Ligand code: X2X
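Take a look at this single chain in structure tokens; it is the form predicted on its own.
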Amino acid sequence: MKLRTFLASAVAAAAALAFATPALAQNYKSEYRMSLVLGPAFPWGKGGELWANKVKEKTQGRINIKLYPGVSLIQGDQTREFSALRQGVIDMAIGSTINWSPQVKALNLFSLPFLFPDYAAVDAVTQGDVGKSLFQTLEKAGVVPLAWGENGYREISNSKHPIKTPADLKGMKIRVVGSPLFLDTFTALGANPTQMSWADAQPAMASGAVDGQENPLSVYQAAKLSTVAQKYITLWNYMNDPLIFVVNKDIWNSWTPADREAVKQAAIEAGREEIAIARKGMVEEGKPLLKEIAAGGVTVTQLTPAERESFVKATRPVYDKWKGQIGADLVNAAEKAIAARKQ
């Protein structure tokens, strides 16, 4: 009887140890830090919230994630996020291809003016061979990319008048992020691009220090930009800003294979849901988001194909210059995928 009791106890102890091993042996942190530019009031931050919740559920609480919106882990400097992620200052992030493009040149692909005419074009690139190639580039740069999300098409707003031609932008101060390609694009259009962080942008618009900005309409609405004099919006789909779900390499390697797979699947699911949230109101018939914006006293301008073409022509020299810097083979592959997309 004693022997049977002893054996039962030994088996129970071994089983308990086996279940505890992943967390104990891998030296997991009690909390992991996720960097985001925008909080859960925006699709971007909602994506972070979804990812964190799904990871907690799929790992039975072994991996707990805290969100740090406003890129607060790096004092609000969006362009330092990728370097901080590589260095381990940040454990994981959902980052913008724009913000990471100074460190990873290939990500400038998405900032090429007027490359992506519609959502099908974006999906053809991110979900195809080009997307896989970009993930390989990111891995070589020292991080672990897991899934795509989306900030959205960046439309232009201003406080002065409707924008229908490049001439309407002449001399206008437009807030842009810290990307040389953005500076080139808006300079080619005759505007005065002014680089500043998102935290500084809204007070600058309210005071009239800048005339306009470009951002997805979901950001425009959530940030209530109509209240800071942004009363004119032009839909021009000049670029789309995909997001990337990423983990620091050392953190990734500290987890068990099972937990890595759980984190990856959580990222893929959260990314899919976040993209749907980011596109809400723009993919349904009648584009209800535009009606909602116009109801707030905002003038919404939708360009005709001919009007849009005038912007395409004005920025073509910028496109050609940057195609070489990004890599002609990569851009050609993206152009081919877009041409072959299913509408």
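The shown structure was predicted, so the numbers you read here are calculated from the model rather than taken from an experiment. Note that residue numbering begins at 1 and tracks the sequence as displayed.
Beyond what is shown, the protein has a form predicted together with the named molecule; the following relates to that form.
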item: Candidate stretches 96-104, 164-172, 114-122, 257-265 - the one whose heavy atoms come within 4.5 Å of the named molecule in the predicted bound form; value: 96-104
item: 4.5 angstroms heavy atom contact with the named molecule in the predicted bound form for R154; value: yes
item: Interface membership of V177, the named molecule in the predicted bound form, 4.5 Å heavy atom rule; value: yes
item: 4.5 Å heavy atom contact, N215 to the named molecule in the predicted bound form; value: yes
item: Touches the named molecule in the predicted bound form: N108 (any heavy atom, 4.5 Å); value: no
item: Partner-contacting position among D184, D241, D211, D91 - heavy atom within 4.5 Å of the named molecule in the predicted bound form; value: D241
item: Contact residue in the predicted bound form, from L38, A52, I293, A314 (heavy atom within 4.5 Å of the named molecule); value: L38
item: Interface residues of 41-64 toward the named molecule, as seen in the predicted bound form [heavy atoms, 4.5 Å]; value: W44
